[in-house]
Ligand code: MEV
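In structure tokens, the next block holds one chain alone, the form predicted alone.
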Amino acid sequence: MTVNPVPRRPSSAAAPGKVILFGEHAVVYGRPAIAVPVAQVQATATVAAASAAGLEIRAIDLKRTFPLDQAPANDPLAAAIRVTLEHWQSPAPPAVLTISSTIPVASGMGSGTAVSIAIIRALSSYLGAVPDDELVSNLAYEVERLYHGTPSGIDNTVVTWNRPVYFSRDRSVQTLQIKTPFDLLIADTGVPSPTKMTVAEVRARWQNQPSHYEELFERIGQVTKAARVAIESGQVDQLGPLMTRNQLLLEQLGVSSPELESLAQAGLAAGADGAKLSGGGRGGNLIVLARPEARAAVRQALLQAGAPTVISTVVM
């Protein structure tokens, strides 16, 4: 489809954050993972006509304003714009694209992915096109490769569909049916999570010790499959121990950190049912399963243990 980039009315789109409940890292090696959107944080993109030629990018949170034609090839904001324009066979319209986000950066909550998806949807709409979810996810995946090198595809999947998903690289999207909603606390360690680096390091160790790491990935995959059964059958009481077991396996992969483990211990001591890192590890966020009656005490314990912020969400 070719579109004509004539001036149009402003167009906006938003995309949620996300957390991986089970299966990070192992999902890169063909095992399943479970991820859920986090609506409490959002990325937003707005495109509006401008009198000057070309497209200008305004990244509010990064305090950056620059023209698209001067952006480096590996700039992820520009990449999301370019893949969209290329798909619709459109030149850059005379417009301003403004981006803002409340999703913490480098924390395992899919900030970069959400920004890309908001850009793809807002710019497509401005051009008069209506992309379906599969196209949005595929275009966002191309941008993801700039962030993470060898992404699993789970981030663009869960953020695009905005529903809990059970994901594996060799299957189509499977949405999860949440029989009994459950509460999660998302505690930020305050330490950036270098996802691209941790994925690369795990790959290097896997190449050196393939049988050992395949065993760890398989055990993580088994935990994830058990978690799916628990979620879809409403057996929420089984999720806490499964989260903690997944965390121990991630520690064996070498992607945890003292900050994550300290927060996990504080949350569990305050009455949480389970805790684990979410995403690349080495920093970023810890997710904590807490029943409604324990939520306030667990949240306070996480803050006292050093979490700069704690986000509450309900998986449903």
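From 1 onward, residues are counted along the sequence shown. This one's a predicted model, so the numbers in the text were calculated from it and none came from an experiment.
There is another form of this protein, the form predicted together with the named molecule, and it is not shown here; the text below is about that form.
- In terms of contact with the named molecule in the predicted bound form, the residue from L127, I154, I81, L242 that brings a heavy atom within 4.5 Å is I154.
- From the list 279-287, 263-271, 39-47, 54-62, the contact stretch for the named molecule in the predicted bound form under a 4.5 Å heavy atom rule is 279-287.
- Contact annotation for A15: none of its heavy atoms lies within 4.5 Å of the named molecule in the predicted bound form.
- Contact annotation for V27: at least one heavy atom lies within 4.5 Å of the named molecule in the predicted bound form.
- Within this chain, T195 lines the site of the named molecule in the predicted bound form, having a heavy atom no more than 4.5 Å away.
- The closest heavy atom approach of V199 to the named molecule in the predicted bound form falls within 4.5 Å.
- Of the residues in 112-127, none comes within 4.5 Å of the named molecule in the predicted bound form through any heavy atom.
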